[in-house]
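Okay, so here's just one chain, in structure tokens, the form predicted on its own.
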Amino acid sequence: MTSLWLDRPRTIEPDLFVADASFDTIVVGGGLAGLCTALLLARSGESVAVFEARQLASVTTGNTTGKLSLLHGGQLSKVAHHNSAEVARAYVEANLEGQKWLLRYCVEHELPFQMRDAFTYAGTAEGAESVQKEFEACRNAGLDVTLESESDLPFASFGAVRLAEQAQINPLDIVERLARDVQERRGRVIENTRVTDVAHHGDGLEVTTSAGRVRAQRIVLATGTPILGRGAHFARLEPSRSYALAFTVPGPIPEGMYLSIDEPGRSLRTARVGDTEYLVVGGNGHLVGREHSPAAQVRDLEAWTALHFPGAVRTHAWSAQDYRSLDYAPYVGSIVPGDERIFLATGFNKWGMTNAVAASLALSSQLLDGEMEWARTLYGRRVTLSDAADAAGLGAGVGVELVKDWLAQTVSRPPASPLSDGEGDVYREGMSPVGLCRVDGALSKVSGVCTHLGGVLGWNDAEQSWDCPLHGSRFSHDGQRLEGPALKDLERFDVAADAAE
């Protein structure tokens, strides 16, 4: 699955890894949050390196829908429900700062973007109440929204919140420009090099990577979910995957950016790439590793589009992973209180275009001894009783999933018939779960247990990966770690006997 944005020749020349090199700051993660942070620090004269385990923007940033909007579906009413009015206003101010910074950057570097009105709409009569709540939350937090009874959508809706003059972007245009900008300021951008450990060493940090060790005074984890277990942020984040498809459409396409507030989730926007105008449709989100057939969710999204946009032809399909915090606002700052060397940015809950830049502005200011009032209010908030209850519920759900899946393995058996291409299954072999799949005609056999905290993996038939239902770690069909809090690949086994059968 390749996104509309990633389907292009690469223009970045990554830097070579140099063992034992030393930097002021190492940024882990080559997405929008990581690159923006690196650039802001490099502009101040710091020596900076960005380490990306795969290629730039290959995880969340390159697989978004690219909406640079302050209207975040039903997000703000949830932020307001779990936090004070001051935190909700700071959330809006932070995202406004992120949006303004990124639009200025686009103008300065002649990067294309389109101004569009954003709509959060109700797809069902029951969703109208949620639209009203979001409207009130937006108003209370200072957004100049209106309540609309009609829309240009080719299907029935039941009211919408509208915020004028928002923007849509191609995230790869920005990522590539940011990377070059970092390099022009003597920063390094290093791809295909995974950070696996960070240890305090003397008056700095020793960073272990898949290519060797380097040193830094500070490190920023901009990796979706933190790759280090300190602070146990993985236990305070809920991982979800959602899907997006691009279509060519013979008829008219609504020009606004639309997002449903109710289920099933639906996101729509236009996107011009080259001479082609596409319709981008997203939705059908679910918890990672807990969906029986992600491929069915992709087919459902395609069928829905064909119903409402006759003649639509699918050109691309992709998926992204996002993390929701307990109180719906991001976690940004020191990984644990008092640690002024390891920092993180996570919990953007599908709104990373503005939240990522806001986090970068706050982190760079903090690292350079500056201060932003909205950042102190938003990122310095305290855990509430409601958050504690949500954490307990999230933990209970993880515990139930862990026990249920391990119990299921006590009676599981190998596949009764040979696997077709693209199929995978987890079954018990001896005392342990193993995963067997067939991809591009070849069988692969790996441990069926996540290397993070021992969750039993499930087969993702849309992306041909092994996904963990506990904290969202994902592995390729042959066991290589893709994303999430796991740091080790899956153990691989000989498949000769299986192939013979």
Ligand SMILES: Cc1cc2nc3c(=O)[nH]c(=O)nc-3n(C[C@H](O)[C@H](O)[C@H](O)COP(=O)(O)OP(=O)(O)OC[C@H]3O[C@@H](n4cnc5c(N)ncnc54)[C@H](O)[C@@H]3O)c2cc1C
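Because the structure is predicted, anything quoted here is derived from the model rather than measured. The first residue of the sequence shown is number 1, and the count goes up from there.
We do not show the form predicted in complex with the ligand, though everything after this point is about it.
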{"item": "Residue among Asn284, Asn83, Gln321, Ser157 with a heavy atom within 4.5 Å of the ligand in the model of the complex", "value": "Gln321"}
{"item": "Selected contact from Ser242, Gln166, Thr305, Ser364, since only one has a non-hydrogen atom within 4.5 angstroms of the ligand in the model of the complex", "value": "Ser242"}
{"item": "Interface stretch in the model of the complex with the ligand - options 334-342, 216-224, 146-154, 125-133, non-hydrogen atom within 4.5 Å", "value": "216-224"}
{"item": "Arg481, heavy atom within 4.5 angstroms of the ligand in the model of the complex", "value": "yes"}
{"item": "Arg54: touches the ligand in the model of the complex, heavy atom cutoff 4.5 angstroms", "value": "yes"}
{"item": "Partner proximity in the model of the complex: Gly448 to the ligand, non-hydrogen atom cutoff 4.5 Å", "value": "no"}
{"item": "Thr193 within 4.5 Å of the ligand in the model of the complex, heavy atoms", "value": "yes"}
{"item": "Stretch 343-367 - residues with a heavy atom within 4.5 Å of the ligand in the model of the complex", "value": "Phe348, Lys350, Trp351, Gly352, Met353, Thr354"}
